[in-house]
Each structure stands twice: as structure tokens, then as C-alpha cells.
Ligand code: 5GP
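Have a look below at one chain only, the form predicted on its own, in C-alpha cells format.
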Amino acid sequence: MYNSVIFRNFARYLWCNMKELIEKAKHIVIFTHVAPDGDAMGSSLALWHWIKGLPVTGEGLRDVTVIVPNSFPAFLNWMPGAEQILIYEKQAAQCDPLIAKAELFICTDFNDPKRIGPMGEKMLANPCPKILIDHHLNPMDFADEVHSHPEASSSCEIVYKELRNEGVNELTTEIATCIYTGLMTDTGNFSYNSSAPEIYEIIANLIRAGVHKDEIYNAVFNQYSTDRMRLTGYALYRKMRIFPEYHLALITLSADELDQYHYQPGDCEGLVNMPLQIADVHYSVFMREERAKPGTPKSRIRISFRSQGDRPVNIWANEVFHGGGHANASGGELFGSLNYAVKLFEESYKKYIKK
């Protein structure tokens, strides 16, 4: 039996478990983070399928909606239920009433309301109960029930185990497919954060439930556009710097460079991992500039960190770039110029990396 680490607001919902909170709510909204990846999509959609399959007691019907802050990558369009997701950036007028009348929020794969953009404040303004399911360090104190497991490979792993805790012994193929997608993508196709034997026991059960793992791999990793392939080549040939004494690689891409290759969400997915294929490169950092939006004076620089073995990067991501994550896979961001982000990188890497 999975021993879930659950923190609750004892003054309000001590007597409820996750399923009880769901059964008491007629209007449920599931959130996940900005720039949704495979784990965000997988954990949200797996819960969406499960909740839709639960019987409804009493009068009326239960509605459950997944809302994401902005567009998700095209290579995740195939996921079962993806066509039902609402994108707040494009459909705010449809989303706002759903958020206002919600009787339960479920937050997956993020630990801070800021990670869902302007929806965060609107979620907090609604006093209904909130469930958090996440694997990132140091969750903010905003949810009434928190399933927090930083040791987990992914939020999808947590969802799988929580469903087992709720007595779900047989998964539908749709739920299993969503969970497998998150497991696969958040571990770089099981190349990091995936050493625990139980992960492969989970995979075996997902395959028994009807998952076609090779088809999922092909749908996610073998659907590059011509522009994405050319952008990858440009990034590796023109924009990759190697710091051999520190076994470190850095790739940077400006907004203008991304525009040149008609960048679409997800086109840089996995790029940070590629330098680790070079002999004697154990650390990789990727910086991507997002052009400032109207009303915001500065660009947003999104930063990804990867490493191999006993070489943590999460402290570096946290202390310098306001982020964090797992020891070998972390992220950060800052508002400012790409040159400023590179300057911080150059001033700090010797402190956080073993020579």
C-alpha cells in the first residue's frame, strides 16, 4: 500500500479524503501549469477521465473541466481528452465563470498559484476546497489537501498511486495512457529520476491496461516539424557553448532566433538533454527568451537544467534563477534580458558545479 504524504487544513477538511471531496462537488476544475508538458497534461487528463467515470449521487450531474493557462505542444494533441481542454489565454470568457462557480479545485504538477498565471488569484478568491498533487519541492500553503512527493518521478506517478489508494484496481486504457505519457516525458524516456524499481512495476501494470508504449513514444518524440528540426540543428551548431573544465554545456535562443524558425510551443522540448550525449558533458543548461507581452516591460527568460549522476542542479536553479526541481532536472526563470541571464550563469556556475 502506498503511504501518501497528505497535509490537510485541519480546521476544514480533516474528515474528507480526495474521493469524498470529489463526490461532494458538482462543479470541479482541474488546473495545471503554464506551458503544459507531458506530465502536466497526463496527470490532469488522467484525473479528468477518472472523475468523469465516478457515479454521481443525489440530484444533478457533475461537470469537470481541465483548464490550462496557455497552449500545449502540438505533439500532445493526440492524448485522450485533450480536445476537451480549455486554454485560458484564448478562452478566458468561458473559463472565468467555471472558476467562479467551482466547488472543488484540483491542482496538478505545480506547487505555487503563480504557476497558473492570472488564474491563480481567481482560484484563491474562491473559498472552495483545493487539492494539490505535485512532485516539486516546498509546496506553497494554499491547498486544503496536499499530496506532495518530491521523491516521485512525476506527478503522474503520484496520480497512479493515489488512484490505487482510492481502490481503483483496474485502469481504463485512457487513464493508463495519460499516466504513462507523464511518466515517460518527465523522466526523459526513463533516462533520469527513474531508478526506483516500482516505476517499472507501474509501467507493467499500465501496459496490462492497454498502453501502447511504442505508439506513445512515436507520437511524442517522432513528430518534429521541419522548422523544429532546423531550429534544433541551429541551436546545437551555432548556439551551444562547452565549458570543458566543468563538463558543462549552455544553449541560448533569443526570441528573434525562435521567430526565424517559426517557433511553436514545445519546439524546444528535450533540447536541454542533447548536450548530455557528448562525452564528458555532465551538466546542461538551456535558456529561451520569451518576448515581453504588452504591459510587461521585460522579457521572460525560461531556464532548464539537466545533469547526470550525483551532480545536483536544483540548488543552483533555486538560488540564482528563482526555480528548483529535482536534483538532475530543474527549471528557473527571470525577467530581463537574455544577456543578463547569461551573465548570471557565467558568474555562478563555478560555485555550483564540481570542477
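One rule holds for the numbers: they count along the sequence shown, beginning at 1. Not measured: the values here are computed from a predicted model.
Keep in mind the form predicted together with the named molecule is missing from the figure; the text below concerns it.
Site residues R306, G324 and G332 are all in contact with the named molecule in the predicted complex, judged by any heavy atom within 4.5 Å. At least one heavy atom of R115 is located within 4.5 Å of the named molecule in the predicted complex. Within this chain, H136 lines the site of the named molecule in the predicted complex, having a heavy atom no more than 4.5 Å away.
Put simply, R302 is close to the named molecule in the predicted complex: some heavy atom of it is within 4.5 Å. Annotated contact segment (heavy atom within 4.5 Å of the named molecule in the predicted complex): 316 to 324, selected among 316 to 324, 290 to 298, 59 to 67, 45 to 53.
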